[in-house]
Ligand SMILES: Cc1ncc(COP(=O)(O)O)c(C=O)c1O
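Here we start with a single chain on its own, the form predicted alone, put down as structure tokens.
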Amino acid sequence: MDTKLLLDWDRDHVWHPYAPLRKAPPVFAAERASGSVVYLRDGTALIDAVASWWCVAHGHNHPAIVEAIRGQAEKMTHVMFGGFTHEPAVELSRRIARLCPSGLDRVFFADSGSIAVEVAAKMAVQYQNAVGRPERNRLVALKGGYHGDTCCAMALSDPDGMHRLFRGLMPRHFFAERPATRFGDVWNPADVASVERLLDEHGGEIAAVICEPVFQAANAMWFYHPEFLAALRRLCDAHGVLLVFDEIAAGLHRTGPRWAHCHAGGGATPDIMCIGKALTGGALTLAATVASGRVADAISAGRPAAFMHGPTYMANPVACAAGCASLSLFENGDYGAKARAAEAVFNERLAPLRALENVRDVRVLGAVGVVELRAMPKQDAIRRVILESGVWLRPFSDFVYSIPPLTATESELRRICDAIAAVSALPPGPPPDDPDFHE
């Protein structure tokens, strides 16, 4: 297809995430991708500084994952999981259980991270019903959090964030203040007072507490003190409430250790955990909700005994094969070291940007580098930086950031930092036409 025809049709007929039709920001026509680089149809090469929304952990088109997909596609591309099982699903569940904290080994496969969160919320409510507490059907989440774009996931995301338009559509939950103590600062126990108050006042209605451990991603780009997680664990135990960790963005070495909650040591293991994004190395959509035996056994002994969820494409065998290959790479490579190497480059190259007039803050943890601006520059100016630097950035709200493939080289990381610096040095643009617009 002619590139102009492709882009013209796309502009008029194809919706992109968080974008209008026709008046959408210009998009680039991608042709192929390899490693950290996306190649456009005109031959332009762009380093993918955001790992295609944080999922391409091993780089694009990793040969081990591509070969796993090819091999499985030749045998069976899909079969319903209601009544059938297959080796890719069983093997992937075994690998997930091996990588998860001890006791988390009951795996429910979902289509996406948002659905994994929906499943976790339903698990928590069905668990409470099974143990004789059906009135416990609401959750506690954190302000500043983001858990996805489906109805339940939106309802658990920051109530003052980008989903305000849909308040009438969403169920109502409780929201605690996000932890104010930054990662690396001295822990302030008062950070947990808001959650404690909600549990004291509404514990009889609450099934679970959910949070993104340590790293609040798509709403706040905020790193908080891991001691908050240990305090949550103690509070949940005291009130008979389940603890759910959304590790979709932060898990699989993005912040350094295998799981972000590992920053808190062994005292903060969840009852339910959601994983996704890097699960297949970004090759195919797949997520999982992993529960403890206590949760799964209680649900299975309740009425109904069946867990009440079942996606059409649950445990798709091609996606599961990709997941097995991805987790094999994680198991056999020192990805913690890769994250620490990225952290060192980000600290070195981004910290000086604090001196820029339009920079409010710089935050780094593992392979995540964030520059918070006072105001976002014009989109046309950002596009020029992308093309001139050869680095694909996707700023949102007031954040210009990088969450690159964990396999990015030091040279690529430095080029990413240079591009972030160039955007950060641009003059602020006008206020957005729509103040509720997130991206």
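All residue numbers are counted from 1 along the displayed sequence. The model shown is predicted, which means the values in this text are computed figures rather than measured ones.
What comes next is about the form predicted together with the ligand, which does not appear here.
This chain is drawn without the ligand; in the predicted bound form, the residue among Phe228, Phe346, Trp259, Tyr146 with a heavy atom within 4.5 Å of it is Tyr146. Note on contacts: among Val244, Ala322, Val295, Ile248, the single residue with a heavy atom within 4.5 Å of the ligand in the predicted bound form is Ile248. Among residues of the shown chain, Ser114 is one whose heavy atoms approach the ligand to within 4.5 Å in the predicted bound form. In the predicted bound form, none of the heavy atoms of Arg254 sits within 4.5 Å of a heavy atom of the ligand. When contacts are judged by a 4.5 Å heavy atom cut-off, Trp54 counts as touching the ligand in the predicted bound form.
Put simply, Glu212 is close to the ligand in the predicted bound form: some heavy atom of it is within 4.5 Å. Only one of 129 to 137, 147 to 155, 166 to 174, 201 to 209 lies within 4.5 Å of the ligand in the predicted bound form by heavy atoms, and it is 147 to 155.
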